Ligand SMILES: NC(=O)c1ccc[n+]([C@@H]2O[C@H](COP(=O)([O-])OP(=O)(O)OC[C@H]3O[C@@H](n4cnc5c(N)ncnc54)[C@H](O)[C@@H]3O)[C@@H](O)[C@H]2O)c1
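Before any questions on how it binds or moves, here is one chain, the form predicted alone, in structure tokens.
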């Protein structure tokens, strides 16, 4: 079976969960529990192969990928022991990928000169580049996207920085027979998804929304980064929540809180208040506790496989059909039900 060669930008806790998740399903090839789609086209999770990685932290640069994923400050629940890879973590360009506070706390920036990203991608024979730089890294995202274009690689933008939603970028990738997927990867079952489903259901049932607040608490590097770089993340979440609300409804609030306790664990509370028949109050209080990086990796394995399948079948222009199911800020926002149907349409074609 042909492998999907993947290069990863940002070797943080999310990458750790992704690499270990691929190892789990490789070691257990008949295990399909926990997967949204065991097959996408001919590809299973174990067909994902990591060929290169990029980071700016001196503790990771120069190490093999399977070694670097367990280096501090990475912290998330271990799924299983990683497979071994020849892939090396190269020194990527810093640009705006790391805030000043992150440099002083979580990141020990390498003094090694940045590598030529496009050259590494070509030499490693990467099919796809997965962008996992910290939220707010707009210049870095654009630089890596351009390098992917130059090297002939598809690109999956997992952070809120607008990219796939910009038509000129999508057209540039499609013109080269490549797929651009984005923006801002969803969790397999995340708080924004649950919040959105609840709000959509309330509107279907004729209930006016008076309050919608979502509080995200966690202790990993991403939560710390969002203390002063949360604008793009908040915008992405708010836009995902407001599609079904009217001008008569309150606008959702989204807050990020860094607990100061190192942990990949996240706790999110959702509080919704509304008015039902006769303007009688109704209240919903929901709580989700999860491993944030593992939750996201469960979606990324589908994004990687569908991107490669669309390129294999010369259907790059159908990437917009996959994005709403996988991303918080897709090219064309649709309801969750429609997003599922569109994704299944791609899967159905892949099984014909």
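Residue numbers count along the first chain shown, from 1. Bear in mind the structure is a predicted one, so any value in this text is a computation, not a measurement.
Form predicted in complex with this ligand: not shown, discussed below.
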Answer option from 240, 180, 158, 199, heavy atom within 4.5 Å of this ligand in the predicted complex: 158
Contact residue in the predicted complex, from 149, 88, 268, 102 (heavy atom within 4.5 Å of this ligand): 102
Any non-hydrogen atom of residue 98 within 4.5 angstroms of this ligand in the predicted complex: yes
Contact flag, residue 296 vs this ligand in the predicted complex, heavy atom cut 4.5 Å: yes
4.5 Å heavy atom contact, residue 129 and this ligand in the predicted complex: no
Contact flag, residue 303 vs this ligand in the predicted complex, heavy atom cut 4.5 Å: no
Options 47-55, 307-315, 279-287, 34-42; stretch whose heavy atom lies within 4.5 Å of this ligand in the predicted complex: 47-55
Sequence-ordered list of residues in 238-260 near this ligand in the predicted complex, where near means a heavy atom within 4.5 Å: none
